[in-house]
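Only one chain is shown below, in structure tokens, and it's the form predicted on its own.
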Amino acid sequence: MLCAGSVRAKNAMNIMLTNVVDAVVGSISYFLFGFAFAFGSSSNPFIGTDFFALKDIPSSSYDYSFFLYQWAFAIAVAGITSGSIAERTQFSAYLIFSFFLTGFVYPIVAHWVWSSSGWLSPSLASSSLLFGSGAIDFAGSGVVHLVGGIAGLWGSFIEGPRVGRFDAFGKAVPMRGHNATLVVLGTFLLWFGWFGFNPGSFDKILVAYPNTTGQGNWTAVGRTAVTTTLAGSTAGIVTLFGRRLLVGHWDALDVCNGLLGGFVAITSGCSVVEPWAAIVCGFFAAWVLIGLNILAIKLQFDDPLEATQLHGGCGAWGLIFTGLFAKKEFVLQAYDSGESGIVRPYGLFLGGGWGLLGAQVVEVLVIVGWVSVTMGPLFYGLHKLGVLRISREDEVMGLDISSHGGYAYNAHPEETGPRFYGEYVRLQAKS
């Protein structure tokens, strides 16, 4: 709904179909290869080597429900990237990059951080913790959002802006989405879904913390939902007033993206920070998004969903934020079930030293590097083969009519060309 409302009406059918394709293609890819690369129970710190096609699942470590939960993260990554290249991409390209991203690129990063054998893992089961800490990315500011954002960056950069997005003098021409109602609906659906992603990443609820009275994962789950809400809400408010100062009016679509930017940023440290720190996270996430959007226009970078700026920029900020504000007690609760006597770095601003922040910076850098050397060449290869971007004529006409048999709606203001695919074909034959 968010994607559909954020594009022009002549491309609504296309963007909805690509979201469906990301899910169905990603399901097969993650089943065959992705889960094995991410969580294969080997001692390899770079990549998993078993559980292909869920062979030997259930195991002593994982069951089917864990696969299904992780699958939802995997297909979210492809959905993020789809938004960056919306309104100008051949449908076949979606099939290719979605399969590769969910089956190989994303799972490798997930293995680094979320597998106990990964070299960035904060789990004490890891053979050695990077900087004595490991990277804390509880629900995926880096693993999910930064990966999707950087992949979208390369796709959008290689394709170039949409036809008419910038005039002959390089000035941006507004191309607003066609349906604000769908954008707001999609935003609220995502807000609800984030309560599954962030608190749900505890996996188990009935885990009591020692040396406490009545506390356990159930209290941390509630706190995580609170920090998620506060970060998103703060970012939404700051974006509301920030954009009001910049453009002179209250913009609902900007507020929705600001809200989501706050959610993206808090996703890394949602379980290990205080509620007040979540407000700090959301405040700066809003300005990261606003600043990157201004920079994107100056560089003539065209991302219809602002996915690169939102998921990439706010995801990177979220990782750094965690290295600054993670609370010692909460880190032990999230990763060591509250065990006493364990010493590990925590937030720099709370006296925890540089170890955690260093690991967070490393995660940002290696994700940017890994996704760039994998997805960049893939998009460039598709471009050179002529299967990435649609023709100028088809783009102007709209992907719905040129690729999907007709418009998503019976009538809309842009409907000045053929209404049905047959009419489109006859028009092309005449030209």
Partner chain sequence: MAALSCSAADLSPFLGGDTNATAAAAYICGRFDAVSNKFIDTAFAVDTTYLLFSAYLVFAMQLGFAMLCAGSVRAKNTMNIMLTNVIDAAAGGLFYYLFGFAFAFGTPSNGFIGRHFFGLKRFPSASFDYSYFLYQWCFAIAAAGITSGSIAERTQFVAYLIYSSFLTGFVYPVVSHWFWSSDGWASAARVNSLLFGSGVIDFAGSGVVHMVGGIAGLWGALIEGPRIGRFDHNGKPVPLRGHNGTLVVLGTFLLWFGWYGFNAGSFLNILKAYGESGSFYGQWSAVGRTAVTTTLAGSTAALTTLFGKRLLVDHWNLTDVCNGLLGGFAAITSGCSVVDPWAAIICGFVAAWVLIGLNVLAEKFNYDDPLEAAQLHAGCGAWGIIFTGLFAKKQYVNEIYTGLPGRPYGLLMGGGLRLIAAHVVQILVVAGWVSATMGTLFAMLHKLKLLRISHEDEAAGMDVTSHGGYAYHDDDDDDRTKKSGIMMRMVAEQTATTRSPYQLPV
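If you're wondering where the values come from, they're calculated on a predicted model, not measured in any experiment. Residue numbers count along the first chain shown, from 1.
This protein has a second form, the form predicted in complex with the partner chain, left out of what is shown; the following refers to that one.
Exercise. Is residue 139 a contact residue for the partner chain in the model of the complex, using a 4.5 Å heavy atom cut-off?
Worked result: Judged by the heavy-atom cut-off of 4.5 Å, residue 139 is well away from the partner chain in the model of the complex.
For this session: Indicate whether residue 259 is a 4.5 Å heavy atom neighbour of the partner chain in the model of the complex.
Result: Contact check for residue 259: yes, within 4.5 Å of the partner chain in the model of the complex.
Problem set entry | Interface membership of residue 189, the partner chain in the model of the complex, 4.5 Å heavy atom rule | Yes, contact at 4.5 Å.
For this session: Look up in the model of the complex whether residue 255 has a non-hydrogen atom within 4.5 angstroms of the partner chain, and give yes or no.
Result: Residue 255: yes, in contact with the partner chain in the model of the complex.
Problem set entry | in the model of the complex, segment of 368-376, 49-57, 30-38, 393-401 with a heavy atom within 4.5 Å of the partner chain | So the stretch in question is 393-401.
For this session: Identify which of 296, 172, 184, 72 has a heavy atom within 4.5 Å of the partner chain in the model of the complex; exactly one of them does.
Result: Exactly one listed residue reaches within 4.5 Å, namely 184.
Exercise. Looking at 202, 100, 287, 195, which has any heavy atom no more than 4.5 Å from the partner chain in the model of the complex?
Worked result: Partner contact (heavy atom, 4.5 Å) among the options: 195.
Exercise. If you look in the model of the complex, which residues in 158-185 sit within 4.5 Å of the partner chain (heavy atoms)?
Worked result: Heavy-atom contacts to the partner chain in the model of the complex: 175, 176, 177, 178, 179, 180, 181, 184, 185.
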